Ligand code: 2HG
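Just one chain follows, in the form predicted on its own, and it is written as C-alpha cells.
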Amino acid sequence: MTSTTSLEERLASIVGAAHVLVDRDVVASYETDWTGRFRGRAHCVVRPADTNEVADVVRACGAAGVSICVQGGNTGLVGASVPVDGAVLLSTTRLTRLDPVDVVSAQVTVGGGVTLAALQQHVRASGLDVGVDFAARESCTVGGMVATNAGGERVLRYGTMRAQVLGVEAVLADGSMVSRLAGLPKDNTGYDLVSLLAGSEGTLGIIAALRLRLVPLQPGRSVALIALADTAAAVSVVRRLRERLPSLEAAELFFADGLALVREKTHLAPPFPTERPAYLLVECAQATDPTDDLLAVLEDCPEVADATVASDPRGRHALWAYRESHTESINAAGVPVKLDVSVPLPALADAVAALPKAIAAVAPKARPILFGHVNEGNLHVNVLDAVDRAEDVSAAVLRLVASYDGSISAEHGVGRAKREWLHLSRSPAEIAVMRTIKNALDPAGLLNPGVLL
C-alpha cells in the first residue's frame, strides 16, 4: 500500500464503500468535538460493523503507516475523539451488538457503539438496569464510557463505569484481538486487562464489545430539589442522607448563577419563591416508594432552606431538568472552557469558593458556571467568555485543584486538552509506567496519538 487511494480502497473492501466517508462536508461533521472548542482533520471516516472488521481496519492502517483516532458518540470534553491531521477516524457507531440479557447472572454483552439510552431500554425490559447514567445518554456510547471510565450521576451507589465491566473484546494496535466475555465475577488469572483498557482513552486498544454487570431496576423513585445556603450545607445534607438512606442514588449540586442561565435558555419556572445560593438535587430508588423515608431525613436537616419532592415520573423529570439542562444551556450561551475535576470531599466547599477568584485573576471577564456530583467531590467547571484565555484558565483551575490534592480529570479523561497537566495528578514514576505500557502495546503510536501522553 503506497498511496492514500489504495488505503481507502482497502478500507472499502473491509467495511463496504458506503462506510468509508471521504466527502469533506460529511467528514467535517466528525472533526469538531461536542463543545466546539477542539477541531482536527481526518483522512477519512471508516465505520466497521464488528470486531473482525475493526481488526482488519487497524491492520490496514498500520500497514499504511496511518494513525487511527477512535470516536464513539463524540460527547467528550478533552479533545480525545477529534482526529489529529491525517488520521483515519474510526467511528464505532455500527458496533451495535445487543445480546439477550442474561437474567440469571444479571449481565449482558453489547457492542462498543451502543448508546447508553439504547442499552437502558434493552435491559430494562428484563427488569434490570445500568449502574451508570447521565444526561448525554442519547448520544454517548458504551465503549466511550469505558474508555474514559465515565461516572455520571449514580457513582454514589454503583461506582464508575470500570465497576460495571466484567469482560471486554478489544483490538490492539497490531490488529490482534483479546476477548474475555465470559463475565466471571471471580477470575484471578494474571493481569486485569479489562481494567487496564478502562480509562485508557483508546490509546491501548479499540473496545469492540463489552460484558457488563447490571443492577436491579428500582421502580420506586423519589427526587428532591433542595435549596441551601452554600456548598458546605450540601455536603452536610448528603452525609446525613448517605448514612440513613441505602436507597440514595444521586446527589447533584448546582448554584444560583447556573440556575439563572438554565431558566434563561429553557424558560423553566423558578423552583422556589425565593432564590438561594446553592441547590442540591437528590434521587432515591428502591422497590417501594422512598418518599416518606427521604422526607423524614430532610426534616432532620437544619441546613434545608426549602425543598420540593416528586415521586411520579413527570414530576421527577421536571426536577431533574434544572440540573440536566445545565450543559445545553451553557453551550447555548457560547463556547465554554470545560474542565472536569475532583477534590477530596472535605475540601469541596473551599474549592467552590476559590475557583471563581482563580479564574477571574487570569480572565477578568470570564463567567464561570459550576455544577457537579457532591458525594465524589466532582465539579464540572464551565467558563464562558474565556476561549481566548483557555490555556490560562485551564492552568489556574487545574493548579488550584492540585493544591487540594484533587484530580485534573474526574471522569472525562485527559485527552489532548489536559496532557501537559498530567503531572499534577500523577507522579513521574506513574507516568513512566504509563509510557512503558503504551510503548509495549502500541510501539508505533498508531492509536489516538497525542491523547493522554
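Model, not experiment: these values are computed from the prediction. Counting begins at 1, following the sequence as shown.
Separately, the form predicted in complex with this ligand exists; it is not shown, and the next lines address it.
Using a 4.5 Å cutoff between non-hydrogen atoms, residue 389 does not count as a contact of this ligand in the model of the complex. Contact between residue 338 and this ligand in the model of the complex is found at the 4.5 Å heavy atom cutoff.
Using a 4.5 angstroms threshold between heavy atoms, residue 255 stays clear of this ligand in the model of the complex.
Mapping the unseen interface onto this chain, residue 164 falls outside it, with no heavy atom inside 4.5 Å of this ligand in the model of the complex. Stretch 369-377 is the answer when you ask which of 346-354, 369-377, 275-283, 183-191 has residues with heavy atoms within 4.5 Å of this ligand in the model of the complex. In summary, among the residues 418, 43, 412, 47, the only one with a non-hydrogen atom within 4.5 Å of this ligand in the model of the complex is 412. None of 157, 221, 323, 213 but one reaches within 4.5 angstroms of this ligand in the model of the complex through a heavy atom, and that residue is 323.
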